[in-house]
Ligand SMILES: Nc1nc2c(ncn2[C@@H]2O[C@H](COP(=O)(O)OP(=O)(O)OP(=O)(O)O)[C@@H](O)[C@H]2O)c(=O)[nH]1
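So this first bit is one chain, no partners, the form predicted alone, shown in structure tokens.
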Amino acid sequence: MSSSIILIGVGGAGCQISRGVNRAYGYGLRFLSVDTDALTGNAGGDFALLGGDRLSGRGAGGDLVIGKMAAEDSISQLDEHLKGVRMAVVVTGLGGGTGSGASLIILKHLEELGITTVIFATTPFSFEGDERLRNARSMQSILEENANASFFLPLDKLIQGETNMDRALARAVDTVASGVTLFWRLLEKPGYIKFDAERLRRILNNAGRGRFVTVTSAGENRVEKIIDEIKNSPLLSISTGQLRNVVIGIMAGEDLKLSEIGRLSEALREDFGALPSYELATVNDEDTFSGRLSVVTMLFESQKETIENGKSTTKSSRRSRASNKGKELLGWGTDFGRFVNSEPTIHDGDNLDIPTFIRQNISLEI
């Protein structure tokens, strides 16, 4: 287990997915569950209850403002679990109360501690209703501003056509697990081409919004099958900007061939172009991947630039200087009044229904 990386599940959905990630890896992760519902702690492992005095462990009731306040009340409870941590992988489900409300407060606290943050956030199934979808969409840009790297994963795309609910949720968890556990595998079970912890942190520090896909194949022509699936993956079709970085993790047993690495790398460079920077590493794990080849491909997009005091700056540089007075004043509430049944106005990944000073973290001196 790497003591410098922690997996943090936030809210009911985030904790459920994180437990699945932990099982997929083999119960070897440093793992913390964080929720407003005391029953979540019954699943075992390290647990931090948010909003104890305010909510008495009853949950946030789907209200993201209550989830936010609960996190503000109890954020110091996380500190005892963060000793020695240099990178945190946060997993949450957007659309409800705790996941949507508490995740931002947790990300900001981790940043204040100098911890690199990566967030994997699922967005609701389309059948869950407009209100949950609106809540999820309204939070994406704000969370992206406050994480070093972010992945927003629509559950409709994660299930990849499954119609049985149990199998669909299992597939969704498996997909998220493949992306999340890649970081641990690269550091704990390195292969011929290695990542060290500081190199991984450097890549992720200003990675921005990402997309990823994992593909596994065996037998003859397994590389060609993987290349074809990557190119046609619905998870890579959600683009909001120009590619900046491509991270490729290749996991295999002892039968991994140098020629397979070369063919895979060449094909992906042809598909994604010469402009992005490429980082490739291998994991050799005979116990898990004997006879199989599994490839996780992560794409990170360029962060939008703005002009600030005559200088070009990225969102991440603005974030470190921004105040949260605007968010605290409005509480980023969910009451849209007579516009409650209106679709949000999304442009270039931003929800324009959220005031500009909130979306861009601009401080208002009041």
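Note that the coordinates shown come from a computational prediction; the quantities given were computed from them, not determined experimentally. Note that residue numbering begins at 1 and tracks the sequence as displayed.
Quick note: we don't show the form predicted in complex with this ligand, though the next part is all about it.
The three residues A13, L94 and G99 all sit with a heavy atom within 4.5 Å of this ligand in the model of the complex. The contact residue chosen from E224, E128, E279, E188 relative to this ligand in the model of the complex is E128, the criterion being a non-hydrogen atom within 4.5 angstroms. This ligand is not drawn, but in the model of the complex it has a heavy atom within 4.5 Å of P124.
Using a 4.5 angstroms threshold between heavy atoms, G52 stays clear of this ligand in the model of the complex. When this ligand is considered in the model of the complex, L169 lines it closely, a heavy atom lying within 4.5 Å.
Contact check for A60: a heavy atom falls within 4.5 Å of this ligand in the model of the complex. Here the chain stands alone, but in the model of the complex its contact with this ligand, taken as any heavy atom within 4.5 Å, falls in 86 to 94 among 257 to 265, 188 to 196, 86 to 94, 73 to 81.
Residues of 15 to 50 that come within 4.5 Å of this ligand in the model of the complex, judged by any heavy atom, are Q16, I17, D35, T36 in sequence order.
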